[in-house]
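Given next, in structure tokens, is a single chain: the form predicted on its own.
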Amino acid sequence: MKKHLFLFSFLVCAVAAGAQTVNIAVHPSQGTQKISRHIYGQFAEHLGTCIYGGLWVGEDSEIPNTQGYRTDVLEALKRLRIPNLRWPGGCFADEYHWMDGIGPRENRPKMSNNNWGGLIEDNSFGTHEFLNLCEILGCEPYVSANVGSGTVEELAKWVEYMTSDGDTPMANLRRQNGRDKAWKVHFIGVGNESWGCGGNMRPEYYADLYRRYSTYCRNYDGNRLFKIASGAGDYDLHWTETLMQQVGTRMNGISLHYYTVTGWHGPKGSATDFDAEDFYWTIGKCLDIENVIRQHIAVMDKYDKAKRVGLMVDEWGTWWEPEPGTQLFQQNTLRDAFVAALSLNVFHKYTDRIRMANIAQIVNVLQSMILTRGDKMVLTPTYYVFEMYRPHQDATFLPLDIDTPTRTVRDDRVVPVVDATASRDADGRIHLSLVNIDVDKAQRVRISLDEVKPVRISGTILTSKKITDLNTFEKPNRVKPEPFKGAKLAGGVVEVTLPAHAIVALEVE
């Protein structure tokens, strides 16, 4: 710890003389919207080693486990206070037939995972294993239903199986399989990426299918479903407009997918081998999500001024070339932490419409929280961003104005050098999250809080020597949060020396 504190102090002193000044004005009295904790949702798809080896090893595994779930992963996820978990996909969801994943595991049929390499799934992780995991984690399940290759009857029976406490056929089948009491399932996705891997549908056709399938998603015994339509990817505004016109408030939410990725069809770049210009380009692509969100919200506002339909960004994150010989296993550097922080900052601004977001994915796939290999586990820089941002969950969003230098990156995108978000928790504490994307230069930041006169401040910083730094199984603690001593109170304002390429979380009382 002393070594890290010395390094941080050295960094601050070394760059302070050349630091620029950024002015941030936070307006606590203008805060009216809550930041839904569900913006911090997670996503687990049957893909690579996300489920098998990541979350689930089975009760007979030599890897320490709790009822078949990896104990180390469980404990790490509990610390994040995950609000919801999406499953079983993704593209996998529209080929998944839920009855293959219930009953004695040794009797469950195997299946080919056609979307992800044709790997053979043994279905040992199914409905019971997923919903019981959510209970252990204290999070709400978000079940993605099969519309692409499944029937209305199949979906209707699955909802009954999960949520009915009555003397019904599916509830009794659940009881035969060892679960007497129904689970509470609030979020249900009616299909996934129906414009692509979920069926290559036209929006007009999917709109009719949604109306049909969602009709048979019944509410049983006090369980009320929040029905989410399969929405657009990136800038497909026509898809959103069609669903708002033809479905409207029959849906409770509509999804939106956005990845910080070089290209869908060509090489996506290395997760670990990049330079400063690549880093800045990534920041520009990441922040373009705000333009995407604004345009979809504008379409939704035309048909739903009361904002009854939520925008659910239920797939987002970085997507790089996978490690050789793997299914979308990618390492996670400090660059990925910046994408996480900046994306969350954007989501906070639109809490009147964004009700949920799910980073892809939770373990071992894309921009994950955790990496596992055998009995080893490592927490990623992205994990630590979610940990540092945890106080924003269900806190009141505080508007702010920021005067920051900008930087023009490739594709002529202009990005802020410093970005920030603020909230106030139920106990009145103000939480500030600051991001300095400048690879080389520190920034002097001056934060005013209007009528609030702070008396105490504490902080945490996430940074490292290089933006390419990452945590490995051999060196798991290279990138992790440390106490931050670069903030002070002066005349009722907060003055911060924000080191280069750093993410800082402050708590102000």
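No experiment lies behind these values; they were computed from the predicted model shown. The numbering used is simple: start at 1 and walk along the sequence shown.
A second form of this protein, the form predicted in complex with a small molecule, is not displayed here; the remarks below concern that form.
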Open item on the list: When the contact criterion is heavy atoms within 4.5 Å, does residue 183 count as touching the small molecule in the predicted complex?
Closed with: no
TODO: With heavy atoms only and a cut-off of 4.5 Å, decide whether residue 108 touches the small molecule in the predicted complex.
DONE: no
Task: Partner proximity in the predicted complex: residue 386 to the small molecule, non-hydrogen atom cutoff 4.5 Å - done: no
- [ ] Check whether residue 398 has any heavy atom within 4.5 Å of a heavy atom of the small molecule in the predicted complex, and answer yes or no.
- [x] no
Open item on the list: Each of 95, 190 and 255 within 4.5 Å of the small molecule in the predicted complex, by any heavy atom, yes or no?
Closed with: no
Task: Options 311 to 319, 151 to 159, 276 to 284, 411 to 419; stretch whose heavy atom lies within 4.5 Å of the small molecule in the predicted complex - done: 311 to 319
Task: Listed residue (90, 141, 381, 203) with a non-hydrogen atom within 4.5 angstroms of the small molecule in the predicted complex - done: 90
TODO: With the small molecule left out of view, choose which of 259, 130, 226, 220 has a non-hydrogen atom within 4.5 angstroms of it in the predicted complex.
DONE: 259
